[in-house]
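Quick setup: one chain, the form predicted alone, written in structure tokens, and binding and motion questions come after.
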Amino acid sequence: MPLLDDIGIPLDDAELNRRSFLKLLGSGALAVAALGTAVTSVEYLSPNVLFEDETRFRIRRPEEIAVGTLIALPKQRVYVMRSQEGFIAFSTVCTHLGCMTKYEPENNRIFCPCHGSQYTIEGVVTAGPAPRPLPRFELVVDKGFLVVNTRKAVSQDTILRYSA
């Protein structure tokens, strides 16, 4: 059986449509691959920086806070309390499972709405499943303002004594 050379045979319309479709499909696949490569290259070259909240921030002047006042700062996840002895700063994150606590001024307590843990306004556990008090943070006076550093945990008996 002799071999036929089909290059010289004219193509019919069905064969032309099929070849055109396959060319279009192949070109589309190459275009999608090139676009994906370009996007990935641009993302790789752009800086991938995670901007975190400041861990050290100013509250206000100590003389502006009355004795017995609790200031809640939900964005920074911090409570600042002024007692007779001085100032304390502690976390708003419950020590049970990491839920956000809420200050209830009408009951003079801090309460975890998720699992029922209750704390005094100094952060000491009074009820519920929380295993330990709310962690305290470093609190200093800098240039006349109270400054909290949430990166530095301090012991539970740490109080910033301040006299105007």
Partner chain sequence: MRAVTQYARSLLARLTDNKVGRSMIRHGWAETNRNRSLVVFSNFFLHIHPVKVRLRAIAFSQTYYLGGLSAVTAILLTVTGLFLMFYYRPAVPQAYHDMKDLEFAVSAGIFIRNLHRWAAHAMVALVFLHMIRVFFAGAYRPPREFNWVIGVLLFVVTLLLSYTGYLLPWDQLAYWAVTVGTNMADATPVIGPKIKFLMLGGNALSENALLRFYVLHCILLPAVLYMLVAIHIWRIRKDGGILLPPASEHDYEKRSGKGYRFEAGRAVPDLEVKE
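The model shown is predicted, which means the values in this text are computed figures rather than measured ones. Positions refer to the first chain, counted from 1.
The form predicted in complex with the partner chain is left out here; the points below concern that form.
Proximity to the partner chain in the model of the complex, taken as a non-hydrogen atom within 4.5 angstroms, holds for one residue of S46, T37, S27, N108, which is S46. Exactly one of the stretches 48-56, 64-72, 133-141, 28-36 approaches the partner chain in the model of the complex with heavy atoms within 4.5 Å, and it is 48-56. Although the partner is absent here, L97 is a contact residue: one of its heavy atoms lies within 4.5 angstroms of the partner chain in the model of the complex. With contact defined as any non-hydrogen atom lying within 4.5 angstroms of the partner chain in the model of the complex, R77 is the only contacting residue in 66-92.
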